[in-house]
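Just one chain is shown here, as structure tokens, and it is the form predicted alone.
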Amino acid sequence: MNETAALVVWGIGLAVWIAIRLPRRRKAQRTKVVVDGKSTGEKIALALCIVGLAIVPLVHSFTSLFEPANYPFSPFLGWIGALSMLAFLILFYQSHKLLARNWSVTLELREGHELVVDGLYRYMRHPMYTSFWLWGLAQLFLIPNWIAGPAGLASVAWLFFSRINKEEAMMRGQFGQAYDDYCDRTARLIPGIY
């Protein structure tokens, strides 16, 4: 693997993410929202994710703006990044597929919202967040630049830590003891760890 191939892997990952996300977003918007937990902070965190995971790497790829922050590419880390990108896309796709109409970009509950506890959700409550952490890691390993590489992880961290407790409180408010029981038998992100 060389630096150009790593950048192509990153670009393919971005394109596949868009291909997975857009149709599901359109489909989800057809179901009425019954609980809306959106806030200005939420919108900022989501915007930062787009900036860190897409815009900053694209600027790095097509301009020399961040060139002074480049460091030597490691083929070994490039392969780890490629595997992380593949894991991200598999987890991201499966999360969307399992959530179906229950999915939302923001903190919302939709009409007929169900607590999904099958598939990946049998082991972890937030596989979509886990997938985003993997995307951030992939970007770090695929893009040898001190700005563009870690920008994804930084933005995912901001989103996750500003949102996770609110999301779980919203689910607890909707599903009560069933959600508490679900939390008792699952990890947040990584089975057996956290």
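This structure is a prediction, so every number in the text was calculated from the model and none was measured. All residue numbers refer to positions in the sequence shown, first residue = 1.
Absent from the display: the form predicted in complex with a small molecule. The rest refers to it.
- For the chain shown alone, His60 is not a contact residue for the small molecule in the predicted complex, no non-hydrogen atom being within 4.5 angstroms.
- At least one heavy atom of Pro127 is located within 4.5 Å of the small molecule in the predicted complex.
- Put simply, Ser74 is far from the small molecule in the predicted complex: not one heavy atom of it is within 4.5 Å.
- Within this chain, Leu107 lines the site of the small molecule in the predicted complex, having a heavy atom no more than 4.5 Å away.
- Only one of 140-148, 24-32, 46-54, 164-172 places residue heavy atoms within 4.5 angstroms of the small molecule in the predicted complex, namely 164-172.
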